[in-house]
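Single chain ahead, by itself, as structure tokens, in the form predicted on its own.
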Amino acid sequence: MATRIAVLGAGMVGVCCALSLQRRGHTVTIIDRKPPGRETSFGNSGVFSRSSIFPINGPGLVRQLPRHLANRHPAVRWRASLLARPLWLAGFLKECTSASLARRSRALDGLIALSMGLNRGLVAEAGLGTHLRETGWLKLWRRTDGPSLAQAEAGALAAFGIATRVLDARGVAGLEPDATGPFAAGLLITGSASVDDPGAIVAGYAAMLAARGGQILQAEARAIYRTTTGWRIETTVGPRDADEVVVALGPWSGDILRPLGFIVPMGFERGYHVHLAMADGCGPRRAVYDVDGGYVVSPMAAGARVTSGVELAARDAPPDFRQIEAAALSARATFGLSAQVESTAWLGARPTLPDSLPMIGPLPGERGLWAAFGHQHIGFSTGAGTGEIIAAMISRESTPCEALDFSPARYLGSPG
């Protein structure tokens, strides 16, 4: 039966949820304070990554803790505000076991494998094919043990059926002739793809939804509460009623659920980006992760986008640009890039639950209220699959992949 559904959040996850629901005949309204794709989904590396199945809080993180405590590692930095969330931090570290990593990787593999085909289909359906590059996703190592690390990762990914090519220094130079590492090894994840404007992709998906009769309301959702017939959303432009509500507000999801009694144990993997000019055509040919440099650089419509490593901090902590400044300096030297395009780096907060898995499913004890958030740094890759899971659940269908590990009930009991 068709229902009126409000989706709170116009990022990749929210827009994909709305599209999947609309496809099943539901009447959908997206509500967000900003236009589609202008918050967290705007600032990523634009990669549809088939290989992002290993959360950062695995056994390797524990081994590297002494290095991270010094707060000099380019891939992971932390701020004092992180210590204000001791329960999240304890839960995050508790998951750093081999058994936990294996379980969570299987769950993420199912979600990402589902999403990859859906992403390509949505790009084509929305007429956005000119933004898509089928050139893979490249990881590079400078270290002398890079070849063995690349081989080990290739083997781990092969166990999930993920195709890769291990590259020596000559192979790296053949794919990225402007890279001057020197790089000892590379790993090309051949089943991945990337886009040159992530914000435009989300906006294009939303435009397709609107063209098919969906509504996009630019307003801030201030509160939600149950009515006799469903749910009411209080917004900055007045109330809106719906039969069911999907909360896909990314790092702000916990705020709107707290008055209902749900305490979401959310941390934040903050990330920065800048664009560097690609003078004379110099720069990366595809999205490249410089593992030892701790940054990703990807050719975008606005220039070569350099994204920093993870900054573990409070969502609204003041920015600290030292991490992205170091990354940009390294990327300029490595790829022959020119001056920074914008005056200030972009900063976004990626929502992360202690197990680094998203919440996808019904909120316990609240009929018609659904969670679709907590995708850490892979929401751009996994939004499409999340949308299909949520839409299947709401429409009383079988889910297209196993979703038990994403259940909100693992952290949220009935509201008290």
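These figures come from a predicted structure and were not determined experimentally. The numbering used is simple: start at 1 and walk along the sequence shown.
The same protein also has a form predicted together with a small molecule, omitted here; what follows describes it.
You can rule out all but one of 53-61, 387-395, 357-365, 35-43: in the predicted bound form, only 35-43 has residues with a heavy atom within 4.5 Å of the small molecule. The small molecule in the predicted bound form is approached by E220, whose closest heavy atom lies within 4.5 angstroms of it. Interface membership of L249, defined by any non-hydrogen atom within 4.5 Å of the small molecule in the predicted bound form, is confirmed. When the small molecule is considered in the predicted bound form, G146 lies well away from it, no heavy atom lying within 4.5 Å. Put simply, W346 is close to the small molecule in the predicted bound form: some heavy atom of it is within 4.5 Å.
Though the small molecule is absent from this view, in the predicted bound form it lies within 4.5 Å of a heavy atom of just one residue from A371, L353, V47, V28, which is V47. Just one of G199, P284, G136, G271 comes within 4.5 Å of the small molecule in the predicted bound form, counting any heavy atom, and that one is G271.
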